[in-house]
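For reference, the chain that follows is the form predicted alone, supplied as structure tokens.
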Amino acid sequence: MADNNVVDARGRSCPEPVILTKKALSKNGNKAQVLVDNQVAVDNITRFAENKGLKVSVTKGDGEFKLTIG
């Protein structure tokens, strides 16, 4: 996946990660990777993407999460 499909929303509080994800998905054909650092953002982005009919995969690592959407 190209770097322009990666949204770095670490350190941001909701709803900003969801807004950034929405912009990336509309720009990149409903595909994106999103980096966040809190469970609330994971839950909100997952709910948003699934409501759009998209699949979401979450990988957890050193205090952060990577969501792959598409």
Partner chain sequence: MKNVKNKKTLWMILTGLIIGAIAVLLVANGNPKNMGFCIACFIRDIAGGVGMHQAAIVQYIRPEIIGLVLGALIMSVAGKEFKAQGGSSPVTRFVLGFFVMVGALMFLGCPLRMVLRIAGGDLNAVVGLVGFVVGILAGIFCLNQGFSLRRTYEQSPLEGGMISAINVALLVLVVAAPPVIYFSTEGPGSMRAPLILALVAGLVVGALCQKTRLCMVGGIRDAVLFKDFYLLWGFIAIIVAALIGNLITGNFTLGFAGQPVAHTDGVWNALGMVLVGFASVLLGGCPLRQLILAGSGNSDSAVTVLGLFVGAAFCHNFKLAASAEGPTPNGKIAVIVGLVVVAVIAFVNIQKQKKNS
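Positions refer to the first chain, counted from 1. Not measured: the values here are computed from a predicted model.
Heads up, the form predicted together with the partner chain isn't pictured, but that's what we're talking about next.
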* Taking the shortest heavy atom distance, is Asn51 within 4.5 Å of the partner chain in the predicted complex? -> yes
* Asked: Would Leu67 count as a contact of the partner chain in the predicted complex, using a 4.5 angstroms cut-off between non-hydrogen atoms?
  -> no
* Asked: Is Gly61 close enough to touch the partner chain in the predicted complex, meaning at least one heavy atom pair within 4.5 Å?
  -> no
* Answer for Gln39 alone: is it within 4.5 Å of the partner chain in the predicted complex, judged on heavy atom distances? => yes
* Using a 4.5 Å cut-off on heavy atoms, what residues in 18-33 are near the partner chain in the predicted complex? -> Val18, Ile19, Leu20, Lys22, Lys23
